[in-house]
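This document starts with one chain, in the form predicted alone, laid out as structure tokens.
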Amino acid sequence: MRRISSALSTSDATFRANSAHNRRLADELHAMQEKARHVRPERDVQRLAKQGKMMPRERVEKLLDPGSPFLELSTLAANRAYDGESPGASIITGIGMVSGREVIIHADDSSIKGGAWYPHSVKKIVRCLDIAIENRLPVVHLCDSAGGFLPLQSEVFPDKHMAGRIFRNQARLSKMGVKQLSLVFGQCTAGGAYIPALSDYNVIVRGTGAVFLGGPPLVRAATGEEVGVEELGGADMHTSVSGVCDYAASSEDEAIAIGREIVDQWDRPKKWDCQRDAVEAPYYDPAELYGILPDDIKKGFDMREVIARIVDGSRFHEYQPNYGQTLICGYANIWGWKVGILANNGVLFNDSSLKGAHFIELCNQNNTPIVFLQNITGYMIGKEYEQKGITKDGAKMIMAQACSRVPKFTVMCHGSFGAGNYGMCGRAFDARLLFSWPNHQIGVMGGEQAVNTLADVKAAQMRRGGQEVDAGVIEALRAETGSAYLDQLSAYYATSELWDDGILDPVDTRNALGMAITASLNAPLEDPGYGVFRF
């Protein structure tokens, strides 16, 4: 493959201004991640220490193979929810190596309200197990939770994708032969008791670990029976009487050591045979991404410059370079793995939509994973394009993408608006992993367009009611709705709601994609097949 010829000038004033802007965004991201990961009230830190417990992230670090990478997911989940009381949604998830095996980790963060599950906590655990199912990744659960956050129980318990989905997913993983291990460091109460019970293996720590459907207070209230924690659900009872747990450990360190020994017994599933070449670092410096990304969501840039700083050797075989030029399609390698790339260089017209649909089919024919790099304002609208059939051409691209059999990965590089989000494998379309950059915005339309639309609707309502259009009312509406709408477009709002799997510093994108692609190859390819293409 040929190396991309970069037209970038690092001495250009625009590059320098962009670089300063995006480095500032990256610094803000790292500061927010650091706070979500490590800043806790001292009383909570001391509470865990008095109980003889490690901090949750210390457990994860000791579980992982020394020096191995950890792809943490959704670090800033719930950052806009619950008045900031649930950093990271009180859950740590990510992909890493344990005893030489790829696993996904779910760890309760007991430094936050005893590890109680908020609605976003449940959503994050369900997403973790969805990733395990889609990629056939073994799961290690680090259990230490006070159970569901009762003041919000109606948002935790009853619906299809709430807490019950956790246990449904665990059962599905077992049916698929995907292994699960639970390390019980604290209390697993009510529904939380089913996490170790539905795991293939579990280890429980004496003195702090406990598993029961109802703790002593609930037993007393419901039955009048007086019983202590250890007798009701402690380590020795469960490993010698009930058989609910497999191994008792005298300390958290011992529990982690036993857990690593268990994982060491697991077989190593054979990955499917994705084409791979020797790994080559990008020819161009990935840090130059800061200067490529504009400082305004309405400004464009050449996505080839982004591709050149992510892929091996900055080499790219572009498919149909002279046709449908607002969508770049082509082949490259990321950490050696062959991938097909679809990247937006403008609005999607009829020709670019058809080109995208055809290229997706080629990737499926060639068993090549697909990476979508989104910067999309949508499919083109207007009389000319509707008469040419833009709706059915966009539907062809959506059909090809939705029915793709190869793993898909999405990076939200800039804007993601309208149905273009769908064609380019937005959240609804089951990318194995989907990441955002700090500058990213997402919405049914851009902020300016949305505000203008709402103002026009309000003015039309006034006219229909026989009123004169009041410019002051219209401007007040613009200010009020504009501020709220722009806030909801933010990458931080999106990641708070778990519409992505985390915000990446752009320079980390290549590594994140490399780990994601490697993990995806554990799951066999589906049988090929498409629905009806409207011609």
Partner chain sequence: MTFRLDLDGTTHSIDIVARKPETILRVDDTRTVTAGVAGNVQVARDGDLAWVRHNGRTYRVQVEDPVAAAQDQAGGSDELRAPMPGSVIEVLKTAGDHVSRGDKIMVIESMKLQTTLAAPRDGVLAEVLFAVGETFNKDAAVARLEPLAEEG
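On a predicted model such as this, the values are computed, not experimentally measured, just so you know. Positions refer to the first chain, counted from 1.
Keep in mind the form predicted together with the partner chain is missing from the figure; the text below concerns it.
- Each of R3, K299 and F349 places at least one heavy atom within 4.5 Å of the partner chain in the model of the complex.
- Shown without its partner, this chain lists I381, L213, C403, L218 as candidates; in the model of the complex, only I381 has a non-hydrogen atom within 4.5 angstroms of the partner chain.
- With the partner removed from view, the residue among Q441, N135, S314, T326 that has a non-hydrogen atom within 4.5 Å of the partner chain in the model of the complex turns out to be T326.
- Remark: of stretches 172-180, 86-94, 69-77, 446-454, the one touching the partner chain in the model of the complex is 446-454 (heavy atom within 4.5 Å).
- Although the partner is absent from this view, Y385 contacts the partner chain in the model of the complex, with a non-hydrogen atom inside 4.5 angstroms.
- In the model of the complex, none of the heavy atoms of N333 sits within 4.5 Å of a heavy atom of the partner chain.
- The partner chain in the model of the complex comes within 4.5 Å of a heavy atom belonging to T14.
- E280 belongs to the set of residues with a heavy atom inside 4.5 Å of the partner chain in the model of the complex.
- Applying a 4.5 Å heavy atom cutoff to the partner chain in the model of the complex picks out no residue from 496-535.
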